[in-house]
Each structure stands twice: as structure tokens, then as C-alpha cells.
Ligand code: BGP
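One chain follows as C-alpha cells, the form predicted alone.
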Amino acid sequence: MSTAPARLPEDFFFGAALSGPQTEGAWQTGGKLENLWDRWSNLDLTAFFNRVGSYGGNDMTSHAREDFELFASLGFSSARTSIQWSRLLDANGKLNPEGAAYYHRLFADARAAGVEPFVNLYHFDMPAYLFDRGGWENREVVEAYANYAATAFAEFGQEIEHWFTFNEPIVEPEQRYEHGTWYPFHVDFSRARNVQYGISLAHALAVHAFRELQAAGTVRADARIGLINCFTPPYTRENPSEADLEAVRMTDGINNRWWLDLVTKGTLPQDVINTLKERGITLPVRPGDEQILAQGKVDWLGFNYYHPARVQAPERNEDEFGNPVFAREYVWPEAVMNESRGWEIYPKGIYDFAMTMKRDYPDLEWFVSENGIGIEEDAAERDEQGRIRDASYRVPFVREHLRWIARAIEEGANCRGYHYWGAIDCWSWNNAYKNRYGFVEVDLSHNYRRVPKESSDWMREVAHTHVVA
């Protein structure tokens, strides 16, 4: 790709991506209930890097106004965070007044800094008591989420313009139920798909509640609702076999097309459902579900992008647990890796996704809702002012992704903006603070002090000029 400066449209927006459970802290204040991350932290703190559990986040509760002012200083006009279900509602599913006041203050702090809050409703943080009742496998919990969503829309409907039902709805089925890497460590492909189906119904019910409340005037007329997912553009080896292409189809179908069809057509991809059934995986479909899913069409979409999916035909049809296997990893010889995270760095994937959207879903607006690079030894070098010298790796990462976005827009992609993940360092699940993403450091040794890094100067210039040099 050309190294010449690229220009993004004047109405292209820049912003920050964050989440409630990874930033707020204050885990036992204001009537907040235990969520699954709190539970895992309490059960086994050694599972978290440097024994840093969910309790602190990055203490945004104490730094909210400062953080939004930092976002504004970077030229960011918006920031996406999430409401925590476990903070907004009590154990009876009723509004927790202290939780509601918490988020009213948070959104007011954002607007005072000139930053528009984008609000997501779920970021892998189910209240623990609802997980004990079966989580997304239990229709009562699916309906409890719909009640939570409707309560949030009613409470903040005149404040918030941009809503999202879920962040990365494919991740929780994979991490909690399929790969066994998150509490409670299940390794069951069938249960993972059942959970995925339950989340799909929950999403559609929330969109329906949004539409009804908007029609009634409870939600502002200019508000929009969407879904955010970590779409992974799929690739396979050169000169693929039919089996390799089948691996691509099912990987793409479960991870990408499932959600794209849901939010544009109100259906799930039938070819994927058929193949799952052929392999003994039957979704827990009930009468009336088709009508529920049909309500899941959204106004726009968030695209989280970190890495592609490179797959090839599996060596066997089942794993050691008896789960069906549809693909195995293909290691591309030319791959450039972020060794801290174990993820391939492939900026062109953002362009390829954009072209897929243009071809298959041309009417749907979208934005890059997360993109970023996490580095383990991010604080290894500092300049004379004590700032982390990260420009040599963070700037090229963001620059190349933005250049491919600019090219996609020039070729007709319906991309409206870019949110950088973790613009201020934040707690990242059981990796805690192992990998740092931010343009701004969080100094854990000095009361979560915020210190802009070297890369922040470059990001500020790009956000203000829309020129990617």
C-alpha cells in the first residue's frame, strides 16, 4: 500500500472504546451486585496476571471527568462505554437508584468535556446470581436482559443517542463454554452454540424494546441502536481444497455471518444451522423464535478488529472431548505478529471486511468500534519527562489501519468513524494490566495516575486534521 498521507472525510469521527467492568472499579459501592468477573476474582485471584482482579478497573469512578477531558484533548468527539447490569438493577430486576445516579453523572461528565457517550448494555459481565440460574441458556435470563435493556432505555432515553445491545457476542460463548478459558471453564461446543442462540434472542428482544420506547417518545427520536462484534475476516491457504473452503465457510458463518444476518435480515444463516444439525448440534428453538429474531435489525454496526482468522481443513472431525471440529488454524508464512498478545497484525483485514460489507450488506452504516495494540513491556522506555516512548510501534499500527480505512471509504465503504480500544490503559480480564493499549498510561503505583504517552501527540494531530501521515 502507498505510504503517502491518506485523508479521512471531515465528518469521520474519532473516539475511545472502553467498558464498565474494565474501567469503573468501585465494585462494592452504590448497591452494585457481584458479576462473573468479581466472582472469579474472589474464587481464584491467582488466575489474574499479577493477582489484579476485577475490583479496581482503572478507577474511572474517581477519574471520569479527567478521562473525558483527556479524550477531548486527543481530538476524540465520542467515547463508547457500557452500563453494568449488576450496577443498574437490583437482585429483583428493579432500578437501583444509586446505580442510575452513577451513570447520569458519568454521561454528564462526558458531555461537559464535549464527548458524546456511546452506550453499550453488555460487555461479558452478567450478574452472578443470574448466571446461577442458567445464564444465556435459560429463557428467563434472556427475558431478564430484555427487562434490563428496557429499564436502561427508559432511564437514559432522553440523554443517549447511540445505543448498542452487546459487545462481541461471539466471545462469551467461545471463552466460557467452548474453549474453557474463562470461568466456569466449560469445553462444550453444543452449549456454546446454545448460549450464542440465547444472546441472539436477547439482542432481538432489546431492539424491540428500543423501538417501542422510541415510538412512545421515551427514547429520543434521533437515537440509534446497533450491535458491536469482533468480526474476523477469514482467510485460508493458497490453492485451497474444498475442505479448506468448507472450514472458511463455517468459521465465517459462526463468527461473522451469524451476527451480520441477524442485524440486517432478522434471521440466522440457514446453511450454518443446517451444518450444525448434520453434526448433531440442535439449537433450542421454540415456537415464536422466528418472530423474535426478526426484530433484531439494527440502525448501524460496530466492527471490532484486531486480527484475521486464518483457517484450513481440520485433521479430525472431533476433539478429545467429542466436540465437532470444523477448522484448524492455518499459519500464514508471511504473518507479522504482536508477540505480546499472540495475534497477527494484518491491517488489510479492515479493508477486506469493508469490501465484504459493501458487497453483501451495502445499506448498513458501520464504524470501527475497537482497534488497538496491547504491548506487555509498554513502560520499558521513557523520555526525559517520564512519558512512555511507544510511538515506534503504536503509531505504525494505528496509521496502517487508518490508511486501509481511508482507502475503503474512497471505494465506497459505509464506514463512519474509528474508536481506539483502551485509549487510556485499562484492566483487561484475567490478563489484567499485562498488555497495555493506551495512548495514556495508568500508573498503578501512584493511585491510577494518568500520563499521556508519546503516541498521544500523533493521534491528536490525526484526529484534528483527518490526515493520516
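One rule holds for the numbers: they count along the sequence shown, beginning at 1. Since this is a predicted model, take the numbers as computed values, not measurements.
Below: the form predicted together with the named molecule, not depicted.
- The listed set Trp40, Trp421, Phe48, Tyr433 contains one residue whose heavy atoms approach the named molecule in the predicted complex to within 4.5 Å, identified as Trp421.
- This chain appears without its partner; in the predicted complex, the one residue of Trp300, Trp343, Tyr183, Tyr361 with a heavy atom within 4.5 Å of the named molecule is Trp343.
- Residues of just one listed stretch (63 to 71, 425 to 433, 28 to 36, 409 to 417) have heavy atoms within 4.5 Å of the named molecule in the predicted complex: 425 to 433.
- Taking the partner from elsewhere, Asn304 is found to have a heavy atom lying within 4.5 Å of the named molecule in the predicted complex.
- Ser455 falls outside the set of residues with a heavy atom inside 4.5 Å of the named molecule in the predicted complex.
- Although the partner is absent here, Glu370 is a contact residue: one of its heavy atoms lies within 4.5 angstroms of the named molecule in the predicted complex.
- In the predicted complex, the named molecule sits within 4.5 Å of a heavy atom of Gln22.
- If you take 163 to 181 and check each residue for a heavy atom within 4.5 Å of the named molecule in the predicted complex, you get Asn167, Glu168, in sequence order.
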